[in-house]
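Listed next as structure tokens is one chain, alone, in the form predicted on its own.
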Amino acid sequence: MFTDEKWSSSKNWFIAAVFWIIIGMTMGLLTATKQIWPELLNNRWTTYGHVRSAHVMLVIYAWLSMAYVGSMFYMIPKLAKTKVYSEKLGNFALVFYNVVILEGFFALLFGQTEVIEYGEFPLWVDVQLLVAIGLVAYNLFKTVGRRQEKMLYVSLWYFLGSLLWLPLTWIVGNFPAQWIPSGVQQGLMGWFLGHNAIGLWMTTVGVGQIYYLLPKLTGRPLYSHQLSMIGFWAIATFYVWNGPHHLMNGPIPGWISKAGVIPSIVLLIPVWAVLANFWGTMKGSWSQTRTSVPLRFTVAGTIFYLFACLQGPLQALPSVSSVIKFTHWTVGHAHMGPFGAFSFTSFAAIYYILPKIVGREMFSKRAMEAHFWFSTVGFLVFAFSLWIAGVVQGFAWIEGVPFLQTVLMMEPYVQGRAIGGTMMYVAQFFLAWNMYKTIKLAKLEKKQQAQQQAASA
């Protein structure tokens, strides 16, 4: 396992990521199913609260974060024109990270939680996870330190910024919360972590992936390097102030609410700069999305990113928040970034990188197509069910409809959520099976080549 084989870190992080997306989405499907049949698997370990927490933490910090690290262990050396500083350290960090995730998973099932959105693991797991993140960051910064390429491409800016911001966000969001008074203060600290885990890790690494993939997949240069720098520094400057908008119409001072709303609106500037750059790069290449599944995943990810970024500032407005807050709408929005935008870019990264690492094309183009369409259609069914449910639910509460009656009104929508979620879940088995067959056949082909060379020598 602790091999120094070239690209082994990237490949192994990808394999682990796909294992965890199956586990994490199993928890998600169980969460959705429990809204239809609440008594399903109703024991002390798999109550709704335990399973829902495990789903969120596994999808964010196991699947998506491991896919991100797998991408960076390939993209950063390529951009720096050098080797990974230490493949052995990369593989050691992978084993350590997985042990920590497993500890956190069982801790949540046993009811140990900090009750912080995107920071549910208990403190003793948080400390270990911080060490694991530090090992990954050290390895990748040392790789950049040995670079042969003088220019720092925009993807490197995003990756290196994210590797600094994640541990800082993790420390500020998790550790002081143990000692400050409970209530509003802890709520604000919690949403500092919750929003910046999205904005300064999920978003920034995902955007870096797209900046790397689009020129490679289309064969066209990036539309504008200057525009990419405007987007980077604007996200770095404004994203960190957005946490309070999650407590809009809550028991926090009015000036803090406004301080959260203004940067939320300002964020439309870097979002537009980033997307204008993406779609400017795509000019003249849209027809390639018909034949290239990785490019189609990437472009679909940018479209979902646009919708997520339009919804976010809109939801920060007090009038909109008064309707949709605490409704199913929020759940639909919360899946837009992690799944619709950045899981899609990570799928594209896997389909682009894995063949280059193992030395053969993906085993099945049909499985890639099935993965894309099940993921896309499933997510649209899932998201629209929740968005419609949220609006119906919000106005019903405003009109004073009894709460239990509004719960019963949601039945067709939560069924729609479960159907869409099942399609999203099934889609990942196409990915896992395709990766397994690709890696297995690549090993077999290399073995046969070695035997033929030995026989002819």
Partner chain sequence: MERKPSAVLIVALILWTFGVAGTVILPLFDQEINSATASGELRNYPEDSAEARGREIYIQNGCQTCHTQFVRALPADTNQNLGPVTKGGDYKYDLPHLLGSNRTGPDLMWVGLKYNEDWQRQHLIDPQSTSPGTIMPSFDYLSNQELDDLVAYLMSLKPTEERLEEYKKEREEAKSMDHN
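Numbering follows the first chain given and starts at 1. None of the values given here were measured: they were computed from a predicted structure.
Not pictured, yet referred to below: the form predicted together with its partner chain.
- Looking at residue 270, you'd find every heavy atom of it more than 4.5 angstroms from its partner chain in the predicted complex.
- Contact between residue 141 and its partner chain in the predicted complex is found at the 4.5 Å heavy atom cutoff.
- Contact check for residue 290: every heavy atom lies farther than 4.5 Å from its partner chain in the predicted complex.
- Not displayed here, its partner chain is approached by residue 35 to within 4.5 Å at the level of heavy atoms in the predicted complex.
- Taking a 4.5 Å heavy atom cutoff to its partner chain in the predicted complex, the contact residue among 221, 183, 359, 284 is 183.
- Segments offered: 226-234, 82-90, 301-309, 272-280. Contacting its partner chain in the predicted complex at heavy atom distances within 4.5 Å is 226-234.
- For a residue to qualify, one of its non-hydrogen atoms must sit within 4.5 Å of its partner chain in the predicted complex; all three of 47, 53 and 164 qualify.
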